[in-house]
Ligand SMILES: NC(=O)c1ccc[n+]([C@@H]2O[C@H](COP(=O)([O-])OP(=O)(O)OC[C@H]3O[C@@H](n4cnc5c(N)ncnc54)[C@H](O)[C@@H]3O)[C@@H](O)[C@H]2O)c1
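The chain that follows stands alone, in the form predicted alone, written as structure tokens.
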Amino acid sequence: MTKVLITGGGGYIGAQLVPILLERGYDVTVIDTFAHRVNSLGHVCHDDRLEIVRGDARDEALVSAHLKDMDVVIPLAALVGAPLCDREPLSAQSINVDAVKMLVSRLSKDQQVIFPVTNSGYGVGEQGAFCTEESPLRPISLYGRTKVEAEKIVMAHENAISFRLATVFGMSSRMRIDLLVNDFCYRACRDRTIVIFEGHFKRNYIHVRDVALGFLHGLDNFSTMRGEVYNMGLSSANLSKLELATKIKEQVPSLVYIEAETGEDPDKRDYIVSNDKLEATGWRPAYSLEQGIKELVKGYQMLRNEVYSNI
């Protein structure tokens, strides 16, 4: 049976990925600090193929002890998002880069790695031109810089795949309401108002469950995809923030959104992304932006708590 180690497996993506891997028959070990005190994997604790280890991905002895018998490693542990990394720069470096470097240095040549990276590494794209995997990386945030550096470390390992993720959205049992689509939907449901800064800035989006299914696609096709970097996003959703707000208003008609005349977005990324390379391997996203908005509107009938934000 294939054994998978996931650092940060109790987080937003891991909470979706772990159950899918268990359903497919993988043995899964999760290392996580569970710092957010959310019972994100409680619904799969009955599965004997799941091992949960409370610990830090920076703990060399702990990681080494659990790494040695693994076939696949998925390093999800990270400080995610520009505001959080700016607030905790030392932790951003130690978790996003140093912990990854330590882990990779202990891999055997046969152990496989699937690594998630933000496509915010593209920074500001050229007007009207799609960012491909060959486009220059020009990260404009500490978060983006740490993930670009970590990707270089991972891809130096001969048995690795990197997925450059679009902005993720959708419900998860370790919810994050600070991601752009999730945030806009939360404000639409709670406040009925969104104030948008620099609404013309564009980016790409992807459902959190499609990310998990994309990792599974990488596992299923590892021999043909190894050694490569792939953008992972919805090709139908290269949208500006104003266009996103319009999509949400279609499902929350009471929403009023206003573009601020002054002020600026601290996250300056602005680009559109091509996902052709990953789609050429046979992967297709299963969830549209509209479906994600619908589930978020439903989910926010339950959530009224800022604990679900990274900032």
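In case it trips you up, residue 1 is the first one in the sequence shown, and so on. Predicted model, so just to flag it, every value in this text is computed and none were measured.
The next section is about a form of this same protein that is not shown, the form predicted in complex with the named molecule.
Peer 1: Considering only heavy atoms, tell me if residue 116 and the named molecule come within 4.5 Å of each other in the model of the complex.
Peer 2: Answer yes; at least one heavy atom of residue 116 falls within 4.5 Å of the named molecule in the model of the complex.
Peer 1: Just checking whether residue 167 would be counted as a contact of the named molecule in the model of the complex - the rule being heavy atoms within 4.5 angstroms.
Peer 2: Answer yes; at least one heavy atom of residue 167 falls within 4.5 Å of the named molecule in the model of the complex.
Peer 1: With a cut-off of 4.5 Å between heavy atoms, is residue 234 one of the residues that contacts the named molecule in the model of the complex?
Peer 2: Result no; residue 234 lies far from the named molecule in the model of the complex.
Peer 1: Does the named molecule come within 4.5 Å of any heavy atom of residue 36 in the model of the complex?
Peer 2: Contact check for residue 36: yes, within 4.5 Å of the named molecule in the model of the complex.
Peer 1: Out of the stretches listed (191 to 199, 154 to 162, 167 to 175, 104 to 112), which one is close to the named molecule in the model of the complex, meaning heavy atoms within 4.5 Å?
Peer 2: Flagged stretch: 167 to 175.
Peer 1: Assess the spot marked by 95, 143 and 179: is the named molecule within 4.5 Å of a heavy atom from every one of these residues in the model of the complex?
Peer 2: Verified in the model of the complex; spot residues all in contact, yes.
Peer 1: In sequence order, which positions of 194 to 213 have a non-hydrogen atom within 4.5 Å of the named molecule in the model of the complex?
Peer 2: Heavy-atom contacts within 4.5 Å come from no residue here.
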